[in-house]
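First comes one chain, alone, set out as structure tokens in the form predicted on its own.
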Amino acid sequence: MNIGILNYNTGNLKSVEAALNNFGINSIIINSKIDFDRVDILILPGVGSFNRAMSYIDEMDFRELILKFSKNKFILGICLGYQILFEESDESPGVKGLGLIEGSIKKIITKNKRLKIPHTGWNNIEIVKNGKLLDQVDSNELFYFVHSYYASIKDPRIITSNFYHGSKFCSSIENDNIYGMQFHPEKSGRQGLKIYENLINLI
């Protein structure tokens, strides 16, 4: 089994790589088109801007390869990687996301001055549906978030957990073989490592 971490010239590749190393997994950094054939699971890591990530993906001709990969293999999007799974984002009007999940990314807006944007730090999640990646993860566990945007999802049935930051937002989804998380499991201690263990156990 090989797990690939897509390099789209942004994101925190090393943190994800280190988390997988805990389970003896030697991950492959995806830098070229031929690398896609070497992996069984593809991780789209977090951190960065929607426009920069998608511009690099299109520049490298990765878009069609990701869409082809999604037909029969597992994809996990984390933070920014989660957001580019969607169709579009308020952060980058006119820029098309991957469109693997129906919905769009919206700016978090709040009138409560005590709520900081970007939303940065630890936040508990509320599990609303038993998902494969959240197996044996307790509701109300704390996970680490860094973001200013949230996912507006067309089909609420794919939501597996929510979080609250002034309002309720989706924190994770599972749609067949496509998984996404707004938080960073690689920065979330033992509960985050449990998610990576569940990911590995998919195969």
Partner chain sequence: MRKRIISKLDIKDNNLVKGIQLEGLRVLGDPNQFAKDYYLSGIDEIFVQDVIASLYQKKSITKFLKNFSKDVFIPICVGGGINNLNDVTTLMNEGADKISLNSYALKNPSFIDELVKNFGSSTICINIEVKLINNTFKLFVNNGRDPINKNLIDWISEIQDRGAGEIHLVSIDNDGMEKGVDINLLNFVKSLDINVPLIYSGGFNLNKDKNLLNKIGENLDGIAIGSYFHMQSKHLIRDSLWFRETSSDNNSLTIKDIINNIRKDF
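Numbering follows the first chain given and starts at 1. Since this is a predicted model, take the numbers as computed values, not measurements.
As for the form predicted in complex with its partner chain, it is not shown, yet the points below apply to it.
Student: Taking its partner chain in the predicted complex as the reference, which of Phe69, Tyr150, Phe62, Tyr144 has a non-hydrogen atom within 4.5 Å?
Tutor: Going through each option in turn, the one that passes is Tyr144.
Student: Partner absent here, but in the predicted complex, which of 26-34, 173-181, 48-56, 130-138 has residues with a heavy atom within 4.5 Å of its partner chain?
Tutor: Stretch with heavy atoms near the partner: 48-56.
Student: Is there a non-hydrogen atom of Ala19 within 4.5 angstroms of a non-hydrogen atom of its partner chain in the predicted complex?
Tutor: Residue-level check for Ala19: yes, a contact with its partner chain.
Student: Is Gly99 near its partner chain? Define near as a heavy atom within 4.5 Å, in the predicted complex.
Tutor: No - in the predicted complex, heavy atoms of Gly99 and its partner chain never come within 4.5 Å of each other.
Student: So, Ile117 and its partner chain: in the predicted complex, are they within 4.5 Å at any heavy atom pair?
Tutor: Yes.
Student: Look up in the predicted complex whether Asn123 has a non-hydrogen atom within 4.5 angstroms of its partner chain, and give yes or no.
Tutor: Yes, Asn123 lies within 4.5 Å of its partner chain in the predicted complex.
Student: Thinking of Ser15, Lys187 and Arg190 as the candidate spot, does its partner chain come within 4.5 Å of a heavy atom on all of them in the predicted complex?
Tutor: Yes: each residue has a heavy atom within 4.5 Å of the partner.
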